[in-house]
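First, one chain by itself: the form predicted alone, in structure tokens.
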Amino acid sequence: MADSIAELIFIPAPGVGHIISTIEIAKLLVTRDHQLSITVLVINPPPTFGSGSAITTYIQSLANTTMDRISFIELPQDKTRQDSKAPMAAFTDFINSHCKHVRKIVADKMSQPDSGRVAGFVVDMFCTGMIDVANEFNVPTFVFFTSNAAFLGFKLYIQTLSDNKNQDVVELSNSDSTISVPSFVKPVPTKVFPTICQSQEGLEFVLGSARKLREAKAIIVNTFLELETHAIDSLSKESTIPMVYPVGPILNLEAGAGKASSDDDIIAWLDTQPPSSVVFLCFGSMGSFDEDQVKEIANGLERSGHRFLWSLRRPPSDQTSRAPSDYEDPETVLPEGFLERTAGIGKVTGWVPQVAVLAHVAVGGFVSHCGWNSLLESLWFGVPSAAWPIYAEQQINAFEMVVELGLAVEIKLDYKKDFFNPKADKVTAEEIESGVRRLMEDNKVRTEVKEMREKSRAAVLEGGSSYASVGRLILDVKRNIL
């Protein structure tokens, strides 16, 4: 059995941020051990993302991708739609509708005599319904948690409050108070709870997901010990929580390279700017603002006097797609004369190659939506962030970075805009100006971020904390074929 191949079935969620980090951990695992092979089962985005979206195009392209000991299979998608259902219930049903296709593929693999032994499933945090399929084949499930350890602890604690302590979490989430969460040192204000916790329908999604997490053999988290020492320690002390493997930062440092002809123009512009002088504003693949908010951002930037590179995206035009797009002419939503007045110090563009921009010596600060991948990238390159969370768990991420760890400054920690809260409060030009000034002028935060940069890079090198954690994970996987 010494030369047996252990095959893992990876099932990422249909979002670019999720699938990119999933592919990176897959590449890391097969690089670290030649006895591992991986099949990635690709779920295409639901119809609400729009069939022509960049997410759909990217994910569908994976089926034609070849990597050493990593293969991709695009799963069929049912034609039925359940538009009458609440959003999160519909999303859960959409993911689970693929269970029958996963079951068939795995059964076919197991029936082939020359196939490797299926040693386990590695499923995204949004695909935990697949644990039931893995159980049918008597193989363990490892959940890949693409956010941070503190949020994992928060999610599990919310479930404990509801199921074991009969706490009305919806009422709590809509209050103005703080609670002690084991994975945080400091009390967590309820104003940074994800919007999803403020309604019963949303809470049921969170509780169902947390209950399934506890059924996993282990949880793989895209973080590292030196960043989240307290959170990781708190999770390891809880007997009802599966083994946690911190394996990060898992990053695609070539992400988006060569995606658009504008890339060269953006980098060429940065090449003309002084070191650490440019504020970079980017709000993720799903982040966008209405015209009033765009004008406030523009006014805040202009008043700050700092150089800037702004990735400005147009909100979805209707309900058939949730993905933003680029403006044909951004001047239509910007204050009159803004582009002319800032021509010497600023650049407004559409999609940007975020990794390449953060790596550039001219970039000195990052106004971010606080998606976890983006925060890890900013720490990797030693660029301090100004927190402007928008949706999902980003408010919790922002609180951790600003208040808990002191690695970012605040623009507005409790800003929320998603399908539970489509009309967000406006962030004023004064708040944006103040946040940008702190971002570019707070040397304490800048020093802390530079130190964490070195720790993040050391964690993944041989002898580092995440390197060792990946080694333990591989041993755990391979026990299933011995």
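Note that residue numbering follows the sequence shown and begins at 1. What you see is a predicted model; the values in this text were computed from it and never measured.
What follows is about the form predicted in complex with uridine-5'-diphosphate, which we do not show.
- Taking the pose of uridine-5'-diphosphate in the predicted complex and superimposing the nearby C-alphas onto this chain, the site is open, with no ligand atom within 2.4 Å of backbone or C-beta atoms.
- In summary, among the residues W351, F338, Y157, W380, the only one with a non-hydrogen atom within 4.5 Å of uridine-5'-diphosphate in the predicted complex is W351.
- Checking S97, S325, S311, Q198 against uridine-5'-diphosphate in the predicted complex, a heavy atom within 4.5 Å turns up for just one residue: S311.
- Comment: 279 to 287 is the region of 231 to 239, 69 to 77, 407 to 415, 279 to 287 lying near uridine-5'-diphosphate in the predicted complex, near meaning a non-hydrogen atom within 4.5 Å.
- Not displayed here, uridine-5'-diphosphate is kept clear of P384 by more than 4.5 Å at the level of heavy atoms in the predicted complex.
- Though the partner is left out of this view, L473 does not reach within 4.5 Å of uridine-5'-diphosphate in the predicted complex, counting heavy atoms only.
- At the 4.5 Å threshold, heavy atoms of G17 reach uridine-5'-diphosphate in the predicted complex.
- uridine-5'-diphosphate in the predicted complex comes within 4.5 Å of a heavy atom belonging to W372.
- Interface residues of 390 to 408, taken as those with a heavy atom within 4.5 Å of uridine-5'-diphosphate in the predicted complex (partner not displayed): Y391, Q394, in sequence order.
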